[in-house]
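Okay, so here's just one chain, in structure tokens, the form predicted alone.
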Amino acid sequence: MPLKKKILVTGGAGFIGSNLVDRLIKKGNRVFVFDNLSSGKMEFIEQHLEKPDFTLIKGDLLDHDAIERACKGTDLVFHVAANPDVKLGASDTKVHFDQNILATYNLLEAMRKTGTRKIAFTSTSTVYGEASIMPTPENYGPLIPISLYGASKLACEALITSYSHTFEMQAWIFRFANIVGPHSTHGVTVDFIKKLKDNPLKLEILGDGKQEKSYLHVSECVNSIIFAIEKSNEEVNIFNIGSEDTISATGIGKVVMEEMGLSDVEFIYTGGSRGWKGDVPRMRLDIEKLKSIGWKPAYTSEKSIRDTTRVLLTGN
């Protein structure tokens, strides 16, 4: 399905959302961003504010009327809005229910009422929990998430697939590895840069530093999302999105240290195999399904981290 239509992007002022908006605008679409700006930033989308094919709707997905108005006449919704902080679920048990599950339900209801039939959803590798098969394919099961964030995203997937079947909608669900790049506002790279700016002699690394995970640059992520939507047409289309390798937490620390021009930094580990409650120590997604339709990542995990560190340090 060529993307040349009226598109609504929830969370379009956030990290992944704003990068997606840049690409959709470039492809000539009419783009409407729906964002409450709780974590999104105006600076990420300000270059589009005066463009005739761009509209910013300041609204909250917990406001039924606002999202219903935004959905009217929309051809495709990219549902990117969420609270992405995995660690937060251990201290606030309701945030992911409200901002992920309830928000998604409200959006689907608005789509049902307005006749909006297509949705692309940004999910996560955390729905797999601690998978015994790695790389982990899309048909892996049972899905047993160990974080409230992962549980909320799995619940959102279930709502989307059931609405698709019940109300003749079409869905694309993308299970992401760790996405990094311009406009990153949280995550290990951002944390390490901040820590080393505060103290260039020591770097605290959560866990034992041996956690091995896949990282993908946001430009690659956006490319693969649009590619998959254009090349797949099932009622429900589920794709893993990630790199084909991993990098350890210690490895990320070394990359950030190098890019900041530091040496002799002492790495201090908090201990244990997990960085926090709900952390999955090892994660790598099987992306053969995505490759089978013609897409392959150009970035390795290390290149994604290195390029991200550079842009966060220099601003370009």
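Please read these numbers as outputs of a predicted model, since none were measured by experiment. In case it trips you up, residue 1 is the first one in the sequence shown, and so on.
Same protein, other form: the form predicted in complex with nicotinamide-adenine-dinucleotide (NAD), not shown, and the subject of what follows.
- Shown alone here, Val31 lies farther than 4.5 Å from nicotinamide-adenine-dinucleotide (NAD) in the model of the complex, counting heavy atoms only.
- Though the partner is left out of this view, Ile252 does not reach within 4.5 Å of nicotinamide-adenine-dinucleotide (NAD) in the model of the complex, counting heavy atoms only.
- In the model of the complex, nicotinamide-adenine-dinucleotide (NAD) lies within 4.5 Å of some heavy atom of Phe176.
- Within 4.5 Å of some heavy atom of nicotinamide-adenine-dinucleotide (NAD) in the model of the complex lies at least one heavy atom of Leu61.
- No residue of the trio Leu8, Arg23 and Lys118 has any heavy atom within 4.5 Å of nicotinamide-adenine-dinucleotide (NAD) in the model of the complex.
- Contact with nicotinamide-adenine-dinucleotide (NAD) in the model of the complex, judged as any non-hydrogen atom within 4.5 angstroms, is confined among 265 to 273, 287 to 295, 243 to 251, 38 to 46 to 38 to 46.
- This chain lacks the partner; the member of Val77, Ala82, Ile160, Leu107 within 4.5 angstroms of nicotinamide-adenine-dinucleotide (NAD) in the model of the complex by a non-hydrogen atom is Ala82.
- Residues of 112 to 135 that come within 4.5 Å of nicotinamide-adenine-dinucleotide (NAD) in the model of the complex, judged by any heavy atom, are Thr122, Ser123, Thr124 in sequence order.
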